[in-house]
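One chain comes next, on its own, written as structure tokens: the form predicted on its own.
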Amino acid sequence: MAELIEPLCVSALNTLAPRASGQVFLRVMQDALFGVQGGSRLLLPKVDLSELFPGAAARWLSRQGGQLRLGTRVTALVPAGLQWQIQGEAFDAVILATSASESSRALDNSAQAAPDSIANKLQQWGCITRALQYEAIATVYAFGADVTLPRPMLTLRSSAAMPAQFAFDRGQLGGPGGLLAFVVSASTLARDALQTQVLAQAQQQLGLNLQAVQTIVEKRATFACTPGLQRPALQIAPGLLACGDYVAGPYPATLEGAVRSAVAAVAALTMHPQTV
């Protein structure tokens, strides 16, 4: 448990093993270790995540003739027959590709102007979404002159007193030399206490005397992947779908889960445009 199951569980599900869904964990292990050849390979980007995917996707979309409207917040969607109106424009279909909280907020506003048949669907979907519980991910950035790890990423032995599970050498991944990032999944400690413990862990396990640079705590980083969890469906109402790592699917809150839900949403619109 300590050497294999618990580290794999918290890294894959961002939920500690005692409260994690065994069914989802086994599915992830099946697909990663016994699925397609190379399915368990770990790829580490050498550019920031915005440039790795969203930036590249935006450029591709522009080349296809798509329109990007950055900095334009959608506050509500209004059903209009078989279409949806967004800020005065009509669309045949809409895919909400935002966080769970943003999607439910927009639908709460939309339900106020929708007929009862549609409003009930929006409210039911929003109710399930708001019931999700969340786990935090904390990252402690620390610096040491001329510090280099043996590998770009190391697994650490974590415990209650040594909370970090992974250490990343930002100097080997396109960042400044000497900067290390210690990641704490399913984090529960206060920022200052966490930072102190991680620096002590770096000293004890890696023999490094580091200086803290910044500690970032994402309190709603992922949903808690617990047994029997009810997640919101892909389809919200006719012509209205959602995608994201929190949408019902086989995986926990991961990039893989988010991408798969987006592919499924596009496929549903493509195959059944009149019924979705």
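Numbering starts at 1 and runs along the sequence shown. What you see is a predicted model, and the numbers here were worked out from it, not measured in a lab.
What follows is about the form predicted together with a small molecule, which we do not show.
Chemist: Taking the partner as it appears in the predicted bound form, which of 65-73, 33-41, 207-215, 234-242 has residues with heavy atoms within 4.5 Å of the small molecule?
Modeler: Among the listed stretches, the partner-contacting one is 65-73.
Chemist: Examine A221 and determine whether its closest non-hydrogen atom to the small molecule in the predicted bound form is within 4.5 angstroms.
Modeler: So A221 counts as contacting the small molecule.
Chemist: Just checking whether A253 would be counted as a contact of the small molecule in the predicted bound form - the rule being heavy atoms within 4.5 angstroms.
Modeler: Yes, contact at 4.5 Å.
Chemist: Is the gap between T98 and the small molecule in the predicted bound form 4.5 Å or less for some heavy atom pair?
Modeler: Taking the distances in the predicted bound form, the answer for T98 is yes, it comes within 4.5 Å of the small molecule.
Chemist: Is the gap between I137 and the small molecule in the predicted bound form 4.5 Å or less for some heavy atom pair?
Modeler: Although the small molecule is absent here, I137 would touch it in the predicted bound form, with heavy atoms inside 4.5 Å.
Chemist: Tell me, which of V24, A265, A258, V10 has a heavy atom within 4.5 angstroms of the small molecule in the predicted bound form?
Modeler: The residue in contact is A258.
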